[in-house]
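So here's one chain in two forms, each on its own in structure tokens, numbered structure 1 and structure 2.
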Structure 1
Amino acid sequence: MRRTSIEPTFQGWREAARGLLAAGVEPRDVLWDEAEGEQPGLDLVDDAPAAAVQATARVPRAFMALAEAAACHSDAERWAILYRVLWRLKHGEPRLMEVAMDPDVHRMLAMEKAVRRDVHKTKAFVRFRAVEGEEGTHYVAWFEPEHHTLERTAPFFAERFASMRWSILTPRRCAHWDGSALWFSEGVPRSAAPSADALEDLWRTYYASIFNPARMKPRAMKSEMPLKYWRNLPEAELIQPLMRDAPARVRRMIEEQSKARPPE
């Protein structure tokens, strides 16, 4: 059994995996260990003959893209799965990535999908609150991603809100944009984020008005906007009352409509 301690990032895994592969260490003999801040097993890479590293560098592009995304997943087993797929690619199954239903590839795909969804939901449900300061308005959001995705998501916000100053605070990491550069800092507690924005009442007004009480589909809503996100959404406090009042509103509409009608 080979205990391999890596920095829990794609880079960290890749360096270690290259070395292990070059040294011919089989997946079932590796015990992956996360060591925040520690140097990855660089010595392994150095020990390996250069030609072997070269050879291992050639893997299908589909694997690299998928592995980079899967590496952001919070599942501790991801490093072992990635290495197992890499091993199989290099040991007789070069087209493995095309077999989406293979159990290992399927796990990778599922992790990539979860990460993609996490990124997407961050883009969707981050809510900035304006904080006025000496340097003008600073837009600050609190968010709790499920996976290690903040670095993947931040460039989207930098592009979309390029002319603003903003910060996204999370328990693990924080992302900041000052109008020209993107940088990251340590995570903070929720209490570090602003608790309200004057515009939220107007947003709630909109949310309540755009809802059609004659078409209740709460399960569809919850599947796209799971409960865990609600506590950071200013409009979420309206969901229960809107649902509670909906049947009565519809009944009233229909009663009035039938009253207005001449008897047939």
Structure 2
Amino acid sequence: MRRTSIEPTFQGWREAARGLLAAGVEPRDVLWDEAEGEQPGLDLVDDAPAAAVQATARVPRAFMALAEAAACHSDAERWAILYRVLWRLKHGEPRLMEVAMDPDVHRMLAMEKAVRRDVHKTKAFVRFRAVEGEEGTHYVAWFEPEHHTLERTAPFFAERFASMRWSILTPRRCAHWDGSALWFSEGVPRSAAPSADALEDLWRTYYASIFNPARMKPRAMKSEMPLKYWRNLPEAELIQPLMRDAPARVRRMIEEQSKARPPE
């Protein structure tokens, strides 16, 4: 068994996989190990000629795109699955990515779907809170993504809030934008994030004003906005009262429309 320590990123896995593939190491002989903060190391593959590594690393684009997304999944087996698919592509199954029902391909597709959903939820449910400092206002958000998706999501916020200085804090990693550059740091505990600011009252007022009781669908709402995200949302404390009051508000809306309708 070959123990292979990698930086737990797609780039880290790719560099290691190239070497292992060039050296002819079968997937069943590799034990993948994530080396957080350590110098990654490869057993066996240092002697692999660079040209050979490049030659053996050519794979379908579909695999690379899927592998880059799947690498962000929190499943510890993802590195082994990616290498197993890579090995099969290079050893007699060049059209493997077209077989969606294959167990390995199916796992990759499922991981990519979960990562894509996590990215979507991060974009939807990150809430910044203003923190005043010597350099002015800095906006800080706390979020707990299920997977390693912060690096994939942060450029969205850098583009959308380009004029703000902000940080997104998570248990695994933190993203920071200073108005010109995006950078990352180690994760922090929830206690490092601010708990509230004055803008939240404005946000709650806005949320209550746009809440339409006639279109309320609790099951769909909880599916789109799972309860685990509610604790980080300023508007969450309003949701249950608004839902309880929704039937009465709908009745009042119908009565008001009836009164406003001209007699026939």
Partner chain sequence: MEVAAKLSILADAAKYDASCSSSGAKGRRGGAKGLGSTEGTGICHSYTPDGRCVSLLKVLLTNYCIYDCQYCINRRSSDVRRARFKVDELVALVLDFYRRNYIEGLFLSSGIIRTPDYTMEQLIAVAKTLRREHGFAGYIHLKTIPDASPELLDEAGRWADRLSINVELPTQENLDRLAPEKQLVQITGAMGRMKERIAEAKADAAPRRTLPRFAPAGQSTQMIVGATEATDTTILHTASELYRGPELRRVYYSGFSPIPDAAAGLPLIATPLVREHRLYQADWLMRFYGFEARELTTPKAPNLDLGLDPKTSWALRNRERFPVDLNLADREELLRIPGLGTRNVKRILAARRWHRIRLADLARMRVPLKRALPFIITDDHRPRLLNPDALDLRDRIAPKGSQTDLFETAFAALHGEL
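For numbering, take structure 1's sequence and count from 1. These numbers were taken from a predicted model, which means no experiment stands behind them. By rigid core we mean the largest C-alpha set that fits within 1.5 Å across both forms.
Enquirer: Please match the form predicted on its own to structure 1 or structure 2.
Expert: It is the second structure that is the form predicted on its own.
Enquirer: Core-aligned, does F211 move its Cα 2 Å or more between the two structures?
Expert: F211: C-alpha displaced by 2 Å or more between the two structures.
Enquirer: Has the Cα of I239 moved 2 Å or more between the two structures, judged after a core fit?
Expert: Yes, I239 moves 2 Å or more.
Enquirer: Quote the shift of the Cα of I254 between the two structures to one decimal place in Å, the two forms being superposed on the rigid core.
Expert: Reported C-alpha shift between the two structures: 7.2 Å at I254.
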